[in-house]
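Coming up are structure 1 and structure 2: the same protein chain in two forms, each one given alone as structure tokens.
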Structure 1
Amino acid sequence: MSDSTPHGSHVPAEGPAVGQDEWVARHAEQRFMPGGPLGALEDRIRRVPWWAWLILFLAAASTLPVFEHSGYVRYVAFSTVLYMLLALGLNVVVGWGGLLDLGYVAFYGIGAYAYAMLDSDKFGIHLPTIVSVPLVVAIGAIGGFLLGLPSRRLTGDYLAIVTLFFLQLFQTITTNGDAAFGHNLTGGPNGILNVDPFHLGKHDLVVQHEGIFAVSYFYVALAVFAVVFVALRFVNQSRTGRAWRSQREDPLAAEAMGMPVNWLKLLSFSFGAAVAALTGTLFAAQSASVFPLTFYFVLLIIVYTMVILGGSGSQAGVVAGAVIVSPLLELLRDPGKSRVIFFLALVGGLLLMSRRSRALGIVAIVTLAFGFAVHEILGAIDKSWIAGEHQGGFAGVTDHWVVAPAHMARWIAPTSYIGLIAAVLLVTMVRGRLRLALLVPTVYLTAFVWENVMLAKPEPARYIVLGVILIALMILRPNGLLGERRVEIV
């Protein structure tokens, strides 16, 4: 799927398009050269226009509530759409503008808080939704512009720190805003409660229907998503979008060409902030309350992981990132499900890799045998080593494979966890047979740590997974799943 950058499009036989470097085009073509029947299929898929994909996706997403009646699942679907919107907005700043905005979720918070102030009993204001939402979006856009102003002269790193501090400041203001100059503005740590749902005239868009999540918000969010997606797509293909990309690649050259670089940066900041604020209104209206701690570092990392995983710069990519990460985080909350996910990922990963090299296939088999052996030996020495509690996944197969002590002595968790980190780092350092040999105990140790240490505390564990994904992605595949690999001319 070619997105954001012009070199991604299929290069016609007569040569690159105007304004495209010939060398870059040739290399891009080589990468996309289809081969064999699979290649032909890939080529066919690649030619499907973006709007067809969008309609397909929306159609598939909108049938979800038909099959799924659980309020929880519907709610997760709704929050996934919110994440998709957030990722789209961040993509404008990071992917197209090339600016590291670490205060992004503060604008999400500003949107939510602004809506909550304009539509709740807090100040007794109840604006109609059609007035308040555009107003909030404008507030977000102006806020983004103002934050960008002092930082516009500054390069990436300074911008990162100013925006990160801004996020911290947003926290301070919302948490302490219950006593600002003698007025209670933000409700402090207790937040603002009883926020109105979206309403048109006298009709409320109900949040709950017979006690479970009402699906209407899911459809509203999906509609907003479609509008934002298309609008941003057009912006990206416009003069402004091209200017963004050019200043991202080389601000100096762009400036020399007469582009207003600072203005462009501010504009991309504003766009991102406006999308975040819009998403914030959806959040506030649905959850009927806002609290300061919702909009903090954790959320920032989650949205960044989505954008980076999907491939920053590609709209389809960041949406895919959100669709993967959001449900993943939900599944990892539950130990039973996260065990299944872990073993599926482990087996899947080994299978995938063993297709590429036979040695890894052998490693997989040896690991399996190693596990059973370790389990039997330790069990023979002392029964309490394997008497740990099992919820019995995979028909008890893992019960006979992974060692689980009946009670975890205090030293086991830190030792095994730090040992695992050391083992993983060691595996990346050595080469050849030694690496394969080391892989066996490392994989086993991973399973041990996951079963005994991580599953006991899902909250930090799922964020650790996120952090690992982020670091590994930056090193192994910085362009993400669907992002463009940049062909750099040195």
Structure 2
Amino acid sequence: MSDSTPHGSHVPAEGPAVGQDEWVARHAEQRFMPGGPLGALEDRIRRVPWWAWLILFLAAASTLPVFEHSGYVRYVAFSTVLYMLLALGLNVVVGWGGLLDLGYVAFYGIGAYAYAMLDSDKFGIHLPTIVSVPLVVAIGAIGGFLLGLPSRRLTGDYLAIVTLFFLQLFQTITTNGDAAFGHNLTGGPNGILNVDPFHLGKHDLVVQHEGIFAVSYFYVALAVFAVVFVALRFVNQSRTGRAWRSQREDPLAAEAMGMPVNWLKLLSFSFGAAVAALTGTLFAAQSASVFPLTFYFVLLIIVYTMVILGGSGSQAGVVAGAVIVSPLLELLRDPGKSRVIFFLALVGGLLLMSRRSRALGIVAIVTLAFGFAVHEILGAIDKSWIAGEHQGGFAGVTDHWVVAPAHMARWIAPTSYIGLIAAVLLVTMVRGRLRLALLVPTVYLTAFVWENVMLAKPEPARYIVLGVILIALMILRPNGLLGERRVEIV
């Protein structure tokens, strides 16, 4: 049979060309790339070189202090860069190595405490920054290697338990280290104070300038981030990086192909711990003190959220996760700002529902009408049921939509909260028109609980909001915002 296709022309294959990379690429594209304008936009964004995005991001971040003179905002930006570094380090262990490390934050604390011991009045040691920082990074890398030694044959839950024990051990030692063998090593609950700032050249980087956060630490952290990002990028593209991803997907197959799986696990632990320890030096130098409660389990959950939200395995993804989560947590501290975020998310969700299908669009419209009707009916029965104050953004609109009692009985808060959980579970269990009907009171009950229960407790509320956002994103994009495309033939 003669081939009628002109030489050099490209005709898409009708079926899977087994063993050819282009077929795998097409299969992944069909599974994970959305259609329409969003798909085309995402495809074009992915075609831009990574170094161009990095330069653009660094340039935009560098201009922040120029336009924003608030010391608080600048400090939040500095903290965000620290989160970006922590997310990059955790991505090495979890995203590339495929290891469930729950002791990662301990290396962040080890870096901070090691720098504090080497550059403070605690032991009278004041090493130059150019000596102490590389030494701390080496300590972190060795610590990660040592943690990996007894756990290199463990996977899954067993590895998580061992690493979680390591985090608890670190917290116990730092909290009770003021009486270790008759010596005060860590300062105990009081921590280590008067930590030296970074010394570059002939000048110390001051922590504050006229009582305002010194922006120099932000630029130093940004420079460290750029170096770490590029270095990890090269590592990811190397044989070691490819081997990490292979053993992440299937350790048994990787080992059968001759890859040193146990050694790869040790390397991932070591690289991630080194990045965390480096980040700890930045934190200790800027804070001028370290305390054991700083490196707690909640911090680990936040960093994991950034990695999962942005996309495990993607450097750009975990950085994007940090950039989103860190400012969001700060905004949610303020009840007024958190109220704006909640109702913007609610309106956005209703609009998304209306775009996905006509039935969901009807649900969105009925939900709005249902809220106004409930508000009017309860107001006609008893004015005190709708006489509560609405503060913050959208107060003028929600005054006539969300019920806010002037004096809420004690049983209302727990009952409505538990009822909301039960309603959400019920919605996930039913199908068809019944689910659509239950969505209406469930969405309204969510707004009621937020307005009357959660706003009174902004600290736990911000973590709940973060969890809800994470769950919603995982439903829409299981790989995260910029997660790696993984092909699974089923």
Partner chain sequence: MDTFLQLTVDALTLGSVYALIALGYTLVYGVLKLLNFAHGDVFMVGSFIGFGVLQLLGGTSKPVVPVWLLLVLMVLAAMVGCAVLGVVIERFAYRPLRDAPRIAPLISALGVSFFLANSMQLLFGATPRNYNIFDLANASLYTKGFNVGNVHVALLRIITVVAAFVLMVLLWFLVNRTRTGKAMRATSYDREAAAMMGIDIDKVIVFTFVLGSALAGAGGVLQSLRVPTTVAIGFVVGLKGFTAAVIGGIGSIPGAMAGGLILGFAESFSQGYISTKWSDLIVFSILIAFMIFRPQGLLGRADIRKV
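Just so we're on the same page, rigid core means the largest C-alpha set that superposes within 1.5 Å between forms. Just so we're on the same page, residue numbers count up from 1 along structure 1's sequence. In this text the structure is predicted, and so the values were computed from the model without any measurement.
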- Message: Just to confirm, one of these is the form predicted together with the partner chain and one is not; which one is it?
- Response: 1
- Message: For a quick test of reading the superposition: does residue 54 move by 2 Å or more at the CA between structures 1 and 2, rigid core aligned?
- Response: no
- Using the rigid core as the frame, report the C-alpha movement of residue 471 between structures 1 and 2, one decimal, in Å. 4.9
